[in-house]
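In the block that follows, a single chain appears as structure tokens, in the form predicted on its own.
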Amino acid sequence: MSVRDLHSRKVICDSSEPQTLSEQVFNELKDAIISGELDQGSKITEDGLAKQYGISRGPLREAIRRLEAIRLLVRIPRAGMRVVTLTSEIMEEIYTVREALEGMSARLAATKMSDKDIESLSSLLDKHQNSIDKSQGTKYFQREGNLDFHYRIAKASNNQWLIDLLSSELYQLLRMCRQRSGQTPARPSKAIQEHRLIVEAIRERDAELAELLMRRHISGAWKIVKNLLNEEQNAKNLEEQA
């Protein structure tokens, strides 16, 4: 999908507050990158965006700056601004960090999350299940913030260091990785089953089990993504040899 195609997208955000034009461009581009609608490595130009959105350079550059800050856009010498490309090496590092941090978040959530919040988290998974069913089991894409299972777990840890690490700069890259595994055949149903097991461990206040289940959940997702990347690379190699 090109940047030019984005003008028809509807902005969906948690806040009901009116958006500035800069915020609208930021959110549209962010969602397109996370969902994979805008290809990794795609070139982004200020001229193209300015014409598309009828926005002046000041607000536009603010939107781009924010996307750079969360590492969704990168400046490449002599190549301009491009959507980040998550290589196998980068993704492996992200999943390694994610397994450790989110495992600890689940452990802490099991001791600190209120009963009311646990029930709310369980209800969220019911909504996720409905979404998966509507896609006939082919997609599991979570909106961000409080609509995101993993975000809720991080918040429930009540550890500000973990929350900052998992919900700021790293967060959108994590969502890109999860989007990749979430569309793998059979993964959506398996993922939500694993989410429910994690919630049950938290409900039982079994911190050790909650951490173990979260770590297994994330390491399992990485294995799927790694296999996908290997298959894509092998297919690319065959094409180049043909």
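Definition used throughout: the rigid core is the maximal C-alpha set that superposes within 1.5 Å between two forms. In this text the structure is predicted, and so the values were computed from the model without any measurement. Residue numbers here begin at 1 and follow the sequence given.
The discussion below concerns the form predicted in complex with the DNA, not included here.
- Stretch-level contact analysis of 211 to 219, 171 to 179, 50 to 58, 28 to 36 against the DNA in the predicted bound form, using heavy atoms and a 4.5 Å limit, identifies 50 to 58.
- For the chain shown alone, T20 is a contact residue for the DNA in the predicted bound form, at least one non-hydrogen atom being within 4.5 angstroms.
- When contacts are judged by a 4.5 Å heavy atom cut-off, I44 counts as touching the DNA in the predicted bound form.
- The DNA in the predicted bound form is approached by R75, whose closest heavy atom lies within 4.5 angstroms of it.
- In the core-superposed comparison between the shown form and the other one, the C-alpha atom of Q193 has shifted by less than 2 angstroms.
- Annotation: Cα of D206 displaced by less than 2 Å between the shown form and the other one, core superposition.
- Superposition of the core reveals a Cα shift of less than 2 Å for S219 between the shown form and the other one.
- Compared with the form shown, the F26-L125 C-alpha separation increases in the predicted bound form, the change being 3 Å or greater.
- The pair F26 and L165 is at least 3 angstroms closer at the CA level in the predicted bound form than in the present model.
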